[in-house]
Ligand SMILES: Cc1cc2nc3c(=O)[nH]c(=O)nc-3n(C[C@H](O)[C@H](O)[C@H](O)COP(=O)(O)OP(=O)(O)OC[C@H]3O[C@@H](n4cnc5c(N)ncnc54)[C@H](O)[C@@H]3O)c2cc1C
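Shown below, as structure tokens, is a lone chain in the form predicted alone; questions about how it binds or moves come after it.
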């Protein structure tokens, strides 16, 4: 077994293989030289100097998992069952692609001093002195990572301006009416949010917008999205999707024999939502490996193969709020609100044909926990009961109150 990628998806795949009884060799290859680590703390504790790192608490040696770190993978030859790396070929019987995603770079900003990304431990370490020095910071992009970095920078005492080309934060992730209330969070935190703002160029010490506005910037942090890190698969014959992701089937198998794909680098068909999903979130990298391992190891004779069709889930901590999302809302035909979006706690519910398909919970973790189970079960909901924020979600079903905890 060879796993490419030493992030959450890769590490969990290696661990799940051992947990499910795989006894062959397991080799985990990572491009970074660091001991495998978790990424969410990078935009919080590590960035603010509250932690030195976030290495996984995994006994790789005890599990018989061989780590090959600091090794770049250059290509794969499925017909030969071999990887090409910077220091020679690596043969495999079964290969798992878990290389994750890489940040999209701001055109024209590469090589300009003071321009940063936030994806790796090294990125976070380079940004720590920026926050410690309380520099003026310009964040390009008001998505999830932009909001989280702005939150940390304000906590550190930096003056922060966020520039966003769209008319609102999270324009690519949430509908206008849901994302619009979040703009007030920036102002309340002392962060300047400039929407309809496109970057013309970045210079040392400044960001110049297309309307001629010049923003002082001791540092620039680019958070305009990420793409699957799959450039090295070009020419391999492994099918890639329109976003560059590995196209996996319901068992997370890639198009080449004996190759699986999991995490940020892969899309999969969802029978639940009737479309192919590409999910760039931590929980997907945690859950998918169990399906991969189950299909590699195999169960008792006659047991059906493991199918991957999760309810996607993620969370974000920004501007003093805990934001959670479960499901997939684009197919919804009804949107309902629980609570006032100008207040500290509220939830948005999306339904399709009377059943919950997604929800966004701000400061309402109980809504998220109960809603996630209701999405999984496909329980019919009563819209009028659902609108009442004082009523538990589990008591807003068309079948009447639930006795589930």
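Positions refer to the first chain, counted from 1. What you see is a predicted model; the values in this text were computed from it and never measured.
What comes next is about the form predicted in complex with the ligand, which is not displayed.
J.: Using a 4.5 Å heavy atom cut-off, are 1, 240 and 308 all in contact with the ligand in the predicted complex?
T.: No, the candidate spot makes no contact with the ligand.
J.: Does residue 285 make contact with the ligand in the predicted complex, using a 4.5 Å heavy atom cut-off?
T.: Heavy-atom contact with the ligand at 4.5 Å: present for residue 285.
J.: Residue 14: heavy atom within 4.5 Å of the ligand in the predicted complex?
T.: Residue 14 lies outside the contact set for the ligand.
J.: I'd like to know whether residue 30 contacts the ligand in the predicted complex, with contact meaning heavy atoms within 4.5 angstroms.
T.: Heavy-atom contact with the ligand at 4.5 Å: present for residue 30.
J.: Considering only heavy atoms, tell me if residue 71 and the ligand come within 4.5 Å of each other in the predicted complex.
T.: It does: once the ligand is placed as it appears in the predicted complex, residue 71 has a heavy atom within 4.5 Å of it.
J.: State the residue from 224, 202, 101, 294 whose non-hydrogen atoms include one within 4.5 Å of the ligand in the predicted complex.
T.: The residue from 224, 202, 101, 294 that makes the contact is 101.
J.: Pick from 154 to 162, 132 to 140, 214 to 222, 276 to 284: which stretch has non-hydrogen atoms within 4.5 Å of the ligand in the predicted complex?
T.: Of the stretches listed, the one contacting the partner is 276 to 284.
J.: From first to last in sequence, which residues of 1 to 15 have any non-hydrogen atom within 4.5 angstroms of the ligand in the predicted complex?
T.: In sequence order, 4, 5, 6, 7, 8, 9, 10 come within 4.5 Å of the partner.
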